[in-house]
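Below you will find one chain, with nothing else, as structure tokens; this is the form predicted on its own, and questions on how it binds or moves follow later.
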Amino acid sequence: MKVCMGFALLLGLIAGFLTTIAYVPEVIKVFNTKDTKGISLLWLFTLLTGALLWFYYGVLISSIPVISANGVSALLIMLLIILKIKYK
């Protein structure tokens, strides 16, 4: 099946945007409540490792959607790790 590259890029950007903004409500909640008891540090480090590996993979295949989504996701996860440690 042949897919238009413009459509594939748009689809990748939308998918990346949606999966990345999924972290935003958690970051806002932690900022507001200063409560991180329900967040596992092991889970955060596992997510961070996965996001960084996806980021590197995106670089290897020169995929803007993979690079941008996982780069922003990694930053948000790092922020959650910092907040988890700070508010522990």
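Residues carry their position along the shown sequence, with the first being 1. Nothing here was measured: the structure is a model prediction, and the numbers come from that model.
Beyond the structure shown, there is the form predicted together with a further copy of the same chain, which is absent from this document and is the topic of what follows.
A.B. asks: May I ask you to state whether residue 59 is within 4.5 Å of a further copy of the same chain in the predicted bound form, using heavy atom distances?
C.D. replies: Yes, residue 59 lies within 4.5 Å of a further copy of the same chain in the predicted bound form.
A.B. asks: Is residue 12 near a further copy of the same chain? Define near as a heavy atom within 4.5 Å, in the predicted bound form.
C.D. replies: Yes.
A.B. asks: So, in the predicted bound form, is residue 71 in contact with a further copy of the same chain at a 4.5 angstroms heavy atom limit?
C.D. replies: Outside the cut-off, so no.
A.B. asks: Within 4.5 Å, heavy atoms only: does residue 30 come near a further copy of the same chain in the predicted bound form?
C.D. replies: Although a further copy of the same chain is absent here, residue 30 would stay clear of it in the predicted bound form, with no heavy atoms inside 4.5 Å.
A.B. asks: Where, within 31-51, is there a heavy atom within 4.5 Å of a further copy of the same chain in the predicted bound form? Residue list please.
C.D. replies: Sequence-ordered list: 43, 46, 47, 49, 50, 51.
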